[in-house]
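The chain below stands alone, shown as structure tokens; this is the form predicted alone.
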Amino acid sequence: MQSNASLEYDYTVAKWFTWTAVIFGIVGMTIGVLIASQLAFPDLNYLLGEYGTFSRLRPLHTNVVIYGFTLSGVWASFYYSAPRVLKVSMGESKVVNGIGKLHFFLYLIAAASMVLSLGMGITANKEYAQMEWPLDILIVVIWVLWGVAMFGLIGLRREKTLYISLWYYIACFLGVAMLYLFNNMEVPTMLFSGGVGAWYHSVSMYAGTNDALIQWWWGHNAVAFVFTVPIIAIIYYFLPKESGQAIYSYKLSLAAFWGLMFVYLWAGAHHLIWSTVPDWMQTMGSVFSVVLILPSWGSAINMLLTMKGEWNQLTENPLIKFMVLASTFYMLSTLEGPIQAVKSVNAIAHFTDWIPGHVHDGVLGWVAFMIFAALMHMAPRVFKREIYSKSLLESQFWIQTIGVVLYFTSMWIAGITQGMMWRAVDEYGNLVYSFIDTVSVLHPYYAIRALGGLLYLIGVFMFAWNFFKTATAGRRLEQEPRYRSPMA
């Protein structure tokens, strides 16, 4: 048995997922900028015929960013950090290593199939669950393989204690497994339609309000267990490793974990406020959403206090900048969401552009910033090369920060303007504004959003170039850096 000091980690699977994260980040966010531009300039809908319309590209954008970019980043960070905190290399077990590689290749097939099918308009028409049943089955297999690899590593571990990051990865695995299965219960239509219809088409086993409740039990928790829980796992590992600081409070990390697990599962009904679902369910969604502030801020404050006494690193290390600002955006997003879930506020916010504004300050500011920081922290250690350009990282940080701020502030203003105009009535109770009036008023804000998205996309390309050059042309390192990542 190798000693911990001499253990050589096998980063093969982690490397593969870093590259898919970079590629899907470019693809997903390029499509995002295009569809944002289409809302500001509708003629852009006709560039590519039916394949270039907003309705065709929007689900492609959301799914590529969630299941392409984000999951690739999550899995890259897992296959890098889990062996290190467990003190066991993937290469020590042919079975676990083989499962990890099979996980990657089946994921690549599923991701490519998802892009192709959604691009062709083949969809199950459920938010964040658009894939039809053949792909759903493949996704279940992929998810199970990740679980086998995860618990296989845990079973082989030399380190007795499971670090908090692993708690969050396990929660991600279990939460998505349960919710995805329940929401995607579907029946192939050919079985019950006398052979009519495409073989891949299906219908949900649920109907009406039941379908809506199950859908948003999943939909909101896709945000919880893909955009939140594994990203917390990432920052709890990478912030201490990059800064050289121990987590401020391990007890707080555990308390926040259990609070998040209990509360987050029941907040999904806030997507259905003012709908036909039972009023008590709407109220439950609102209440749990407000309570959700406590464990969310518990994690975020713990992250920020980890830097106590070391704030000078913000001026010296761009990766710390990304992580600290990501934590700040996490606090902002997890305050904004509960506010929108209060019924009186939701009456104005529902169906408006304030909602995508909220989603994107979380996704762009919290999720993507953390994935960028994690991948760039990994790069010198998996490729054994110095980060190619610190100045490029600094420029990326400021360009993307400006982009995020332009995005969510324009959508805040647009959304509240929409909500107020839709509700405005004259002394006779008639609507003051027509729908087209709101569309005309919002045009400049849509243009600002597209500009913010473009700036963010420029940052993505800067990151991709920096990452590629680090992997291929960065100065070779004689030994692995212990904490702060070396950069030119």
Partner chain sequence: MSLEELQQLQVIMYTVMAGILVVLLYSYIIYLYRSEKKGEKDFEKYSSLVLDDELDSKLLDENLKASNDKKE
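Bear in mind that the values here come from a model prediction, so they are computed numbers and not experimental data. Residue numbers count along the first chain shown, from 1.
Below, we refer to the form predicted together with the partner chain, which is not included among the displayed structures.
Visitor: Report whether the minimum heavy atom distance between Lys308 and the partner chain in the predicted complex is within 4.5 Å.
Guide: Outside the cut-off, so no.
Visitor: Within 4.5 Å, heavy atoms only: does Thr161 come near the partner chain in the predicted complex?
Guide: Result yes; Thr161 sits at the interface with the partner chain in the predicted complex.
Visitor: Does Val88 make contact with the partner chain in the predicted complex, using a 4.5 Å heavy atom cut-off?
Guide: Contact check for Val88: yes, within 4.5 Å of the partner chain in the predicted complex.
Visitor: With the partner left out here, check for me: in the predicted complex, does some heavy atom of Trp16 sit within 4.5 Å of the partner chain?
Guide: Because no heavy atom of Trp16 falls inside 4.5 Å of the partner chain in the predicted complex, the answer is no.
Visitor: Heavy atoms within 4.5 Å of the partner chain in the predicted complex: which of the stretches 141 to 149, 393 to 401, 334 to 342, 79 to 87 has them?
Guide: Stretch with heavy atoms near the partner: 79 to 87.
Visitor: Even though the partner chain is not shown here, does it sit in the predicted complex so that Leu156, Tyr237 and Ile247 each have a heavy atom within 4.5 Å?
Guide: All three within 4.5 Å in the predicted complex.
Visitor: Of Phe227, Trp266, Trp133, Phe383, which residue is found within 4.5 angstroms of the partner chain in the predicted complex when only non-hydrogen atoms are counted?
Guide: It is Trp266 that has a heavy atom within 4.5 Å of the partner.
Visitor: May I ask you to choose, among Leu304, Met281, Val115, Val223, the residue with a heavy atom within 4.5 Å of the partner chain in the predicted complex?
Guide: So the residue touching the partner chain in the predicted complex, by this definition, is Met281.
Visitor: Within 4.5 Å of the partner chain in the predicted complex, counting any non-hydrogen atom, which residues from 251 to 287 show up?
Guide: Heavy-atom contacts within 4.5 Å come from Lys251, Leu252, Leu254, Ala255, Trp258, Gly259, Phe262, Trp266, Trp280, Met281, Met284.
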